[in-house]
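Below you'll find only one chain, the form predicted on its own, shown as structure tokens.
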């Protein structure tokens, strides 16, 4: 199965600079994903889908079949490809808007149906490509372009806890975790376990990655890492949330 024609060999072996802003977390997430694809030797079986938003800049990152979808529709497109060809390893890549806002219904239903696909979501607490507006993941009190006085959770409700939601509604063989670009080695481990979960046909897999956006956060290097490693990680707990075969106590 091929979603797009293979590029000429000279293109496939070429390296080039990425298109993300300086300090962005997407390249770190994508590097971890690319290393896993290579280590598992699955490039010829992988279909990589990317959403509208900053994630769309990953459309030509990998030597795999790639498809860019309408905003919020990456998950169902990858689900459809996987249903059409069970040999496909489908990866849906998106930001917090594509997964928790416009695409939330697709994430919820795919998890509830236990679709054998992997969803990888970058959480940088705001809408990066469109200028830094408030997102479902914006922290309480966080200032954005549309919450200049800080997010008021009495009006908007609390930030979405995506992995916890997915873990609650998915089947017993789903794999769910939250990693961070502050610990790429751990994030890579979560990504590998997620892909292996769908490769082996066990169940749905979902990994959220806490990411960086100093451009819209308007932070220097020190404050950028403080925000992701302390502020975000305090609210969004990093770790495995649901592992097939492991039962939670209580």
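Here the structure is a predicted model, which is why all the values come from computation and not from measurement. Residue numbers count along the first chain shown, from 1.
FYI, the form predicted together with a further copy of the same chain isn't displayed, but the following is about it.
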*Taking the shortest heavy atom distance, is residue 141 within 4.5 Å of a further copy of the same chain in the model of the complex?*
no
*Taking the shortest heavy atom distance, is residue 150 within 4.5 Å of a further copy of the same chain in the model of the complex?*
no
*Does at least one non-hydrogen atom of residue 160 fall within 4.5 angstroms of a further copy of the same chain in the model of the complex?*
yes
*Does residue 116 reach a further copy of the same chain in the model of the complex, with heavy atoms at most 4.5 Å apart?*
yes
*Can you name the residues of 51-87 that have a non-hydrogen atom within 4.5 angstroms of a further copy of the same chain in the model of the complex?*
83
